[in-house]
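Next comes just one chain, in structure tokens: the form predicted alone.
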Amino acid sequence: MAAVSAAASKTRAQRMAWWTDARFGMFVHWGLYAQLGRHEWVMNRERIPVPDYEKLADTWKPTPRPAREWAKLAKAAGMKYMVMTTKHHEGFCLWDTEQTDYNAVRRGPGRDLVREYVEACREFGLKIGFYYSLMDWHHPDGADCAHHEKARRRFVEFTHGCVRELCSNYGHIDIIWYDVAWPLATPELWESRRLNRMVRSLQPHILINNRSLLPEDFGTPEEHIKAENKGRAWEACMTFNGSWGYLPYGAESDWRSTREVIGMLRTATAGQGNLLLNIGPKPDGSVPAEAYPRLQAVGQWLERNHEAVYGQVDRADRFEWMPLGQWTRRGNTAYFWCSRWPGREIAIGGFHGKVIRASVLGDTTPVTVEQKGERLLLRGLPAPCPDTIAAIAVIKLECASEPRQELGAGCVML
């Protein structure tokens, strides 16, 4: 049994390797709800009757191939993969499914929007993820399945049939991202083990999230960036402006700034996690204008500071908070993300580990290192913050051994 478990673990590690290296992905929530522009839960929150909501399926006329715009922006932002809603809670399927006529090919768009998305991802070299909502407000058995066995069996077969098509019709797919296992309360009722065995039989290298009520490959903290279980892979999914779906109302300040997104990336990296940042395209498929300058600037920052983010990293939980910034780590190298640049000199207390070399990523200014006990002094830094994008400069500390930081509430008498 131990040998089998070890082999399974190795297989998972191999499947997860690209995802762990990638660190940063784009979430895309796009569906009929974009036409209303009042959040992706508008059907539920406003109690829109199914017959009234269905009319949106015929009025939706996206422009040709908008997914190319998303993928191009994701690439420019330094993102390595995308996850798109193939079916959200509203029940409208964006692909050519045989499970229901309520889909993008047989209704308004008149074409397979999932296929366009897959082609765009491949064109721009991005890994491909499919979001699929288990909950369905449109399907006649979507609620009754919790109360009647025949309804449950019909709805489960509908669900498995949809997922089977997604895993069969588009070539190599990298991620299945389930959401909202309502109203069935257990993986047994969803028959999730059978579902995921089928997925893996069709896509052996695929990654599956934890929202079919089974742990599978990675956890999905939502709207907060923190590992749920230490030692388990995780990905924080975050909105850009407080809504997953297109929401034109609000203020410019509702959008996360470039600086905030970079800070989110640091938090994810320090905890060995990923960041999946959402955009909600407009009804025609175009990206809201507010996203462009922010994501393009993030991409420019990552070009300079990429080594502190991408790839296999170690947890930075052996470092403490600092007023001037925070940490990430890879092996014997510590990265200090300085978000409040003090000028020519920085002092770091409680630092343990001999520093062999210090430098500022993307800057050639030589940095002098002085260590006195557990006090590390870095001198000769650029006077102004060398990062003009978000005022977050990364100082690289190459050490002779694994570095750590230990600080208490008191002071040390030297």
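Numbers follow the displayed sequence, beginning with 1. The structure displayed is predicted, hence computed values, not measured ones.
There is another form of the same protein, the form predicted together with alpha-D-glucopyranose (GLC); it is not shown, and what comes next is about it.
- Heavy atoms within 4.5 Å of alpha-D-glucopyranose (GLC) in the predicted complex belong, among the stretches 178 to 186, 120 to 128, 295 to 303, 246 to 254, to residues of 178 to 186.
- Candidate site formed by F27, W41 and C237: every one of these residues places a non-hydrogen atom within 4.5 angstroms of alpha-D-glucopyranose (GLC) in the predicted complex.
- Residue contact with alpha-D-glucopyranose (GLC) in the predicted complex: H89 places a heavy atom within 4.5 Å of it.
- Not displayed here, alpha-D-glucopyranose (GLC) is kept clear of R111 by more than 4.5 Å at the level of heavy atoms in the predicted complex.
- In the predicted complex, alpha-D-glucopyranose (GLC) sits within 4.5 Å of a heavy atom of R211.
- Contact between E222 and alpha-D-glucopyranose (GLC) in the predicted complex is found at the 4.5 Å heavy atom cutoff.
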